[in-house]
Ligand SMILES: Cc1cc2nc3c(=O)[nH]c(=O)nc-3n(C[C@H](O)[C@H](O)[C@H](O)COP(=O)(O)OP(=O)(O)OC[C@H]3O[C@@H](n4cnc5c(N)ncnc54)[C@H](O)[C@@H]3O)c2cc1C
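Shown below, as structure tokens, is a lone chain in the form predicted alone; questions about how it binds or moves come after it.
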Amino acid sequence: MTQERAENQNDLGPGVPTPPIPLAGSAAHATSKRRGSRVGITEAVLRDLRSSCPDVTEDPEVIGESSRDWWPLAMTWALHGQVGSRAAAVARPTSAQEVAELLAVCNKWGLPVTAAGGRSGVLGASVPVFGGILLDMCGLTGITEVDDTSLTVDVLPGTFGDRFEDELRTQHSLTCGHWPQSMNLSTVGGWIACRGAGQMSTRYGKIEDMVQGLDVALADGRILSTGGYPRAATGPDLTQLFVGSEGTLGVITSARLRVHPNPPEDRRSAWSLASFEDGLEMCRRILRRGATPAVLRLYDSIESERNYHLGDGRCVVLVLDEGDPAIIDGVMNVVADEARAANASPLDAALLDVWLAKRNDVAALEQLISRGLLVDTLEVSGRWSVLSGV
């Protein structure tokens, strides 16, 4: 077990959705910010829904809390006792069959369905804009099969990320390698539905690189199984059609993911460079040579000072790799070569400890929003040839 793994072993979250910020008043009395019409349900519809999924509730407290996520703008609304939009009811299935039957009922009655997991998204995708049913998938949880020989694992979509990784590590000596900032807040199904990236994606890939197959419940109640094999010679790839579809094409009820042996060792280094452009070039050359350290993070001078307090106006690059010593030693040799070529100055590798200690800390978001500040992030993707001008 690497030091990084040991540091996180006892930091498990609650395994249920975490509210982003308290709602003024109560969730039961929270009003909808959206003023348009929303679809409600009748007693006849409710009876039909409960025939397929016994746990369908109209409890106003549950509805109010379940009708929001970590969207920063909606967090400002919460200060005034508002959510984006309220669902008519919340359904909490515990099996793929319940999900499929529930969707068939909703399809019959023309009810909108919003699928949700940990509700850790920051774009409002979990908000039931048109009312109807909020489909809480957290009841489908756990690892159902591990194939250590093939390095695959079958997992249910409501499994929270930190618990998934912890069970893989402690019970099977494996790792998924997907480590988003929302690790304690998000579910495996959410990772796939939102096509997520992790902090170690340079080594392990993004979630679409890990998904080998899916079981998906369609709107009419059919369950479709896609992929499941290491590679295919035919197309289109239906698995990738559902990855990133955010519940619009179907609801993920199980996933087969590629996993890796738990890394026995890690290596770390930190560097400072005169400019952000120098840092970009160093990172580009490292990757161009085929080295893929798990963590390769470049900070501009402002963020370098804010996070690491060096006081010299330079830019910081953090590097961490983990795995077989023979491989990661080679990677770190490439990193050191390119750092020297970029005239980078070595820093104390303990800066990685600073980053690891706070990389999943989202407490500042609530603190700033409670003071009346709107805080958000913007992700930019571009070719290497244009990045310096972005």
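Residues carry their position along the shown sequence, with the first being 1. Small disclaimer: the values here were computed from a predicted structure and weren't measured.
From this point on, the text means the form predicted together with the ligand, which you will not see here.
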is_contact(Val83, the ligand) in the model of the complex, heavy atom dist at most 4.5 Å
no
Partner contact for Ser186 in the model of the complex: the ligand, 4.5 angstroms, heavy atom
yes
Given that the partner is absent here, does Ser304 sit within 4.5 Å of the ligand in the model of the complex, heavy atoms only?
no
May I ask you to state whether Pro180 is within 4.5 Å of the ligand in the model of the complex, using heavy atom distances?
yes
Can we say Trp70, Ser120 and Cys194 each have a non-hydrogen atom within 4.5 Å of the ligand in the model of the complex?
yes
Please determine, with the chain shown alone, which of 143-151, 310-318, 162-170, 111-119 has non-hydrogen atoms within 4.5 Å of the ligand in the model of the complex.
111-119
Heavy atom within 4.5 Å of the ligand in the model of the complex: which of Ala294, Leu257, Ala78, Val251?
Val251
Can you work out which of Glu246, Glu208, Asp300, Glu265 has a heavy atom no more than 4.5 Å from the ligand in the model of the complex?
Glu246
